[in-house]
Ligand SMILES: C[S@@+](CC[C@H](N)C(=O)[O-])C[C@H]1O[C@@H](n2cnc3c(N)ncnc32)[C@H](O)[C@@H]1O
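Just the one chain here, laid out as structure tokens, in the form predicted alone.
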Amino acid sequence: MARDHYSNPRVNKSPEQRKREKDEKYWDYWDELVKASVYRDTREIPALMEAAQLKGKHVVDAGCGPGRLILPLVRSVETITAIDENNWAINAVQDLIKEKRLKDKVQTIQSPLVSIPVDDGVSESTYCMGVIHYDKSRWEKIVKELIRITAPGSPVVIGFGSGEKDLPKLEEIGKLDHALKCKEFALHFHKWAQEQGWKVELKRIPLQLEFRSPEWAAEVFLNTFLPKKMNPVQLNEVKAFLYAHMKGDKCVIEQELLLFTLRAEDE
């Protein structure tokens, strides 16, 4: 009997198929991170709703991925436009729309965030959570585009990790260059946004991830934040770091979420 297509590395796969499988695996492990967050429903979601003033509005979920924020928020808003440049992510959201019967509440657009094909000011509230790329030339363009599509005076919320706490320190072990870019982003974003003439508010949201074991935490992180191909020294450092964060029978990792709320007033 022929081996399963996924389990046979010798089966020739198209670039599109390999990318789809990689995306699916990544988001499967990302779901595990969401499940590990003991504060998500009580801290992250309410903080985002408050910062973006989401209730009863047409909102844009920029960089929506497979729709992790759609279900927690869709009951509180009028409509959501979910935007992502990844075809697999948009297909996943469309499947979610069908499954949950959300066609009257959620629409999708596949597009790079640096050039979104909608008119100026169509969004009453926009959020972009954890998807800003820490390449200055790119994040400047993305944020300016999000401001453009949002009605003047309405909130644009940018959320990302602070560059502090446990998770960024873990990332420094195997992905130092990216970790440094994250810190640079956190240091310079506030000033840059003010220089554009926008009003800026910052909230710091403490998050906590709980894993059933250091080994399980390592597997999740090696499929999300950390590169899978690390040398033995780095892998031992990751293991030691995770074992050092045992609290009782759980591996507990702290993270700080920064929520920047930007507003561009009428000129």
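Just so you know, these numbers come straight off a predicted model, no measurement behind them. Residue numbers run from 1 along the displayed sequence.
The next section is about a form of this same protein that is not shown, the form predicted in complex with the ligand.
For the residues Ser76, Thr79, Asn86, Gln196, the 4.5 Å heavy atom test against the ligand in the predicted bound form is passed only by Asn86. This chain is drawn without the ligand; in the predicted bound form, the residue among Ile149, Leu167, Val131, Ala92 with a heavy atom within 4.5 Å of it is Val131.
Heavy atoms within 4.5 Å of the ligand in the predicted bound form are found in exactly one of 23-31, 204-212, 238-246, 50-58, that being 23-31. Among heavy atoms of Cys64, some come within 4.5 Å of the ligand in the predicted bound form. The ligand in the predicted bound form comes within 4.5 Å of no heavy atom belonging to Lys141. By the criterion of a heavy atom within 4.5 Å, Gly121 is excluded from the residues contacting the ligand in the predicted bound form.
Contact annotation: Pro112 falls within 4.5 Å of the ligand in the predicted bound form, judged by heavy atom distances.
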